[in-house]
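Next up: a single chain in structure tokens, the form predicted on its own.
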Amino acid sequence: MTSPSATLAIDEAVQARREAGHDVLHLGFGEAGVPVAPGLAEALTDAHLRSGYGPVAGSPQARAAAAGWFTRRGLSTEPGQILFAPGSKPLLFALLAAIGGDVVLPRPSWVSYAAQAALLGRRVVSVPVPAEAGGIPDPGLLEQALRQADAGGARPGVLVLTVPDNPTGTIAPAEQVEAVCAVADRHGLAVISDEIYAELSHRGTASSPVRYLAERTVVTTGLSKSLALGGWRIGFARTPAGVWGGDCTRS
């Protein structure tokens, strides 16, 4: 019997206290708790007529819309680079499985990353975050940890970053993201950049790792945070153009 996820355990505790009559501000889940925007609610309602099974990677219309979303944010993207899934969590798991290798994580990080690595039988290499912000490991400590991992028989293959960070809510400075990507490049790591909270940045745009390691960075995101659609489970990923990215979309 495994222990429950920390976030699920918090949610169960909150629900129990609410049922007991307590007034609780729930900060354990990344849920906005606000109504769905009227225009969006109408679009979702109209979509109930399209209830058949769609293409595995997402409909052509959805992939084109997501590609346009990235392109309007300064990251030129073609529909063929987009993958849809029922939430970003399945995408993260599928990417870890497809890319291969042990998983390098900032510490602290969202609880599901390490759990997914364990399900795949991968080692986790944890690296503390710098004082300035979470979501990325300290660049100097990352270099040291990767060398130690290699010496200890680990096989680091993928680095998971979170920009902006969950759970600290901080945004890593561009120079730190660039430095971390340089380390990842030297060690041949792929990067998964979890950017589910990127649209909630109110002080400028967060610096995405894809700006510094475009050929081996996959960006995952979704509609659950910025559009308050957690229960709808709409996630999508942008894979790199080229052979490496094509391998991800076919896996």
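A residue's number is simply how far along the shown sequence it sits, counting from 1. Note that this is a predicted model, so its numbers are computed, not measured.
The same protein also exists as the form predicted in complex with a small molecule; that form is not shown, yet it is the one meant from here on.
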- prompt: Using a 4.5 Å heavy atom cut-off, are 77, 193 and 239 all in contact with the small molecule in the predicted complex?
  reply: no
message: Under a 4.5 Å heavy atom criterion, is residue 166 part of the interface with the small molecule in the predicted complex?
response: yes
message: in the predicted complex, does residue 225 come within 4.5 Å of the small molecule, counting heavy atoms only?
response: yes
- request: Mark residue 17 yes when one of its heavy atoms lies within 4.5 Å of a heavy atom of the small molecule in the predicted complex, and no otherwise.
  value: no
task: Consider residue 93 of the chain shown here, and say whether it contacts the small molecule in the predicted complex, taking contact as heavy atoms within 4.5 Å.
output: no
- request: Given that the partner is absent here, state which listed stretch (171-179, 96-104, 126-134, 80-88) has heavy atoms within 4.5 Å of the small molecule in the predicted complex.
  value: 80-88
